[in-house]
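One chain follows as structure tokens, the form predicted on its own.
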């Protein structure tokens, strides 16, 4: 059977169950494993010798937290990450993750003059990790992210998106022309979302934290991970199944 694609409601339900008394995971654990999977995906596709400079774009929610974890791991992998987060998350866990990056001497772009500083950073970036919006995103895209997404899209720099490309609808995909990023690589977390069925780039899954019991309960039909890998590449969905 083919892997199951998730609706927004089902993705939220699985997340809640993972962190319930039944699933017994903490948010810290899930972010650490998700961020590690994102870092491994980028490292697999973009070799650090050719693509050393990574701009990690973080939104204010849990997606941004995944990005901060990925930035720390990328630094330990030998890349040169820089963090861009124009609206830092207010949760204590977000602040701790950012402090961990600061302690790794990973620079953060100052929030002032957001678009100007973003444009300058992109001019010296080899690859972008897009961790801005997650599956709970609801349009419209508000400032400063609306202009920022346009700048990122026009930069020509390769993009790796986390879970769903920023600006896409979690179920409808890229439903508004000219809005939303067009990544080269996507790393879905837990299981892919309905909105990325038509994604044409390289598609990876990072969700090795999903238990067998939960996989069976939600009929996820997840692929096997090789050895100690935290990611597995997914085949494109055939056109007749879109």
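Owing to the predicted nature of the structure, the values given are computational and were not obtained by experimental measurement. Positions refer to the first chain, counted from 1.
Quick note: we don't show the form predicted in complex with a further copy of the same chain, though the next part is all about it.
*asked:* Check for me: heavy atom within 4.5 Å of a further copy of the same chain in the predicted complex, for each of 45, 179 and 232, yes or no.
replied: No, because 45, 179 and 232 lack any heavy atom that approaches a further copy of the same chain to within 4.5 Å in the predicted complex.
Contact residue in the predicted complex, from 123, 90, 103, 138 (heavy atom within 4.5 Å of a further copy of the same chain): Here the answer is residue option 103.
Check your understanding: So which of 210, 205, 196, 185 reaches within 4.5 angstroms of a further copy of the same chain in the predicted complex, heavy atom to heavy atom?
Key -> Selected residue: 210.
Query raised in the report: Any idea which of 82 to 90, 146 to 154, 67 to 75, 125 to 133 reaches within 4.5 Å of a further copy of the same chain in the predicted complex, heavy atoms considered?
Result: Checking each option against the 4.5 Å cut-off leaves 67 to 75.
Going by a heavy atom distance of 4.5 Å, is residue 191 a contact of a further copy of the same chain in the predicted complex? Because no heavy atom of residue 191 falls inside 4.5 Å of a further copy of the same chain in the predicted complex, the answer is no.
- Task: Would you check, heavy atoms only and a 4.5 Å threshold, whether residue 96 touches a further copy of the same chain in the predicted complex?
- Result: The answer is yes: residue 96 has a heavy atom within 4.5 Å of a further copy of the same chain.
In the predicted complex, residue 23 touching a further copy of the same chain (heavy atom, 4.5 Å) | Judged by the heavy-atom cut-off of 4.5 Å, residue 23 is in contact with a further copy of the same chain in the predicted complex.
- Query: Does residue 40 make contact with a further copy of the same chain in the predicted complex, using a 4.5 Å heavy atom cut-off?
  - Reply: Yes, residue 40 lies within 4.5 Å of a further copy of the same chain in the predicted complex.
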